[in-house]
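Structure 1 and structure 2 below are two forms of the same protein chain, each written out on its own as structure tokens.
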Structure 1
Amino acid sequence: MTSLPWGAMARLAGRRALFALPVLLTVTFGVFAIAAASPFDPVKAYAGNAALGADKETLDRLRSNLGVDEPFTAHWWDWLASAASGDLGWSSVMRQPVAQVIGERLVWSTLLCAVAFVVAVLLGTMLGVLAARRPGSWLDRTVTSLAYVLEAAPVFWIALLAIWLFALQLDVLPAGGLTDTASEQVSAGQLASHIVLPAGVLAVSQLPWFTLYVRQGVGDALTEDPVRGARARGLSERTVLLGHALRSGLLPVLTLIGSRAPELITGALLVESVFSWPGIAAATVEAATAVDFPLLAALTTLATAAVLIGNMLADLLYGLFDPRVKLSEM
């Protein structure tokens, strides 16, 4: 690993930030346009059951108060101007400021994704290295076959299977939620037991990609001349594998970190819905069905920013760990 070129890193981050600005503007504009074309009625979603017995005059008055009849471009521009000053607006479906909705839920979504991602990377690296040590062996065939099966399995199917097995049949883990039913306070013990299934399912959904990438990268590295030279010098197989092949074989995985961010976010939304995890999934669904412009735009912008940041971190890591890559050229 080379010394950290802080200047090159700052220039790369600056270029990516300039690129991210028009992307975020386009995404938010698209969110408002799609929401405006949605068949859902935001007035009825806001009024709830009261809308069933309300007359047309009352609904029209509520529609005027909510500004639903205004063009979506006006909604988008007003939200954009407020967001630029730090005000993300008011969520009509949640009945609270958008910033508060995100602040209350983002921490749980971030915790879930972070735990799942770390588990997927560590377990995928271990399985990939074990499979690459002896290509064609029973272990290699087993790991590879299992990775392809999990790669094709929908994440919600894995989640339902996990609930059936661990919560219903074995009764060793809770089926969902953040705490026990009778408890209102979140304790460390309850959090640890309740996060196992959702984080495990999300990790399993990402595991095949890391396993296959590490297996391919380490397998190719074992056939390269530097590794052969290390073996010829009499170094132990452990040193050759961990000190030479693994370092070279993990380089492609760095690019995978950024590319898996969109699917990680999508998988997290499905997992949170199945396990009733109090993250941003429920807020996203409710914002979409209720055509809650401010909340939907903020959540979509947040997800887009997470993807862009993931891609930038992947490029930075690749440039730092691979001396052949110059950050100034990325």
Structure 2
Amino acid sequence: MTSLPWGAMARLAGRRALFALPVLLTVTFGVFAIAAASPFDPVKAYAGNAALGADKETLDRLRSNLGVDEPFTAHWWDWLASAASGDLGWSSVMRQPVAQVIGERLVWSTLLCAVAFVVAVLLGTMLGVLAARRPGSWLDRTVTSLAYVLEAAPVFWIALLAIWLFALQLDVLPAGGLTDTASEQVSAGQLASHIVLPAGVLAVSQLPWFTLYVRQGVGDALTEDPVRGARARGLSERTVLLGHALRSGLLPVLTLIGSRAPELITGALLVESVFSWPGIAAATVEAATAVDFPLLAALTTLATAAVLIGNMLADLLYGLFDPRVKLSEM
């Protein structure tokens, strides 16, 4: 590849962003509609235990101050207007502005997901190629059945068993958190030892589908004419496998990488809460348990945006790597 077609990439990203905006608006609207339909009472949530002793007059005043009786579309509109200026509201469970909660935690979630994803992609490609090389061999069967079992296993269960094995029985890795409880600062060494288990478990949960798709893609490519031609020309098995079969076999997998963002987020949600990893996903669970609506609404929107970005990246990758597809036509 000589140089990247930056102009075409930027235009595609711009077009996708234009399409993403109505999706995000609809999702936020839906979030407010669900909240309006639920039996959840913002006045009681705001007043907390004080609501039990308060007289009706005070509660009514609170009610009108909070604007509970206005239609939810008005709330939605206000929220959108303040969100546009960077104010996402106040998180009652974190006792911080929502924007600050997200700002502090986003980096840890991104780090966890990125490490897990890279590990899953590398390991999955390796296992998939090994399995595809001799379909039906014991290696292929082991990899495939293991992948099916792992795909069926709930990620939080794998996480708990990993804690039991590595943190309790072998005592080689910490069971959770970002640093040791005693330390004040986040150091690189601490972080490296604490990220191994959560990222490893998240990678293992993403590994099966990736391995199976690489196996299928490479396996199909191995039976096609270019590979036969390469073999006929006497190229080494290594060149045939990595230079020809893997290259064309990975193409269909590339599109899937971006579209797996929802599964990655789902996995992160569970893994972070098992390992008390101080990321966005763990905050979601806390917000849900305490019915912290402003935080929940912001996090749902953020996750949707992440999924849309993932889809866009998949399109970009596909346009870059598949010579049959032109970015300007997507």
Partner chain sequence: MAEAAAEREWRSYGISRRSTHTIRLRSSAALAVVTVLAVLLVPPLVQLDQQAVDLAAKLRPPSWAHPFGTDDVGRDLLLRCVYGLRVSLLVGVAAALTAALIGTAVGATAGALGGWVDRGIMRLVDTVSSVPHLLLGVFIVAMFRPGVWPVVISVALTHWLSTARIVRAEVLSLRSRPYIDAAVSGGASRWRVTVRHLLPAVLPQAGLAAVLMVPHAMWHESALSFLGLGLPTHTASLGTLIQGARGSLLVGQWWPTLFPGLFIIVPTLAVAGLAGAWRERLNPRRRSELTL
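In this text, rigid core is short for the largest set of C-alphas that superpose within 1.5 Å between two forms. Note that the structure is a prediction, hence the values are computed from the model and not measured. Structure 1's sequence is the ruler for residue numbers, which start at 1.
- Here, the chain labelled structure 2 is taken from the form predicted in complex with the partner chain.
- After superposition on the rigid core, the Cα atom of Val271 is displaced by less than 2 Å between structure 1 and structure 2.
- Once you line up the core between structure 1 and structure 2, the Cα of Ala288 ends up 2 Å or more from where it was.
- Positional change of His75 between structure 1 and structure 2 reaches 2 Å or more at the C-alpha, relative to the superposed core.
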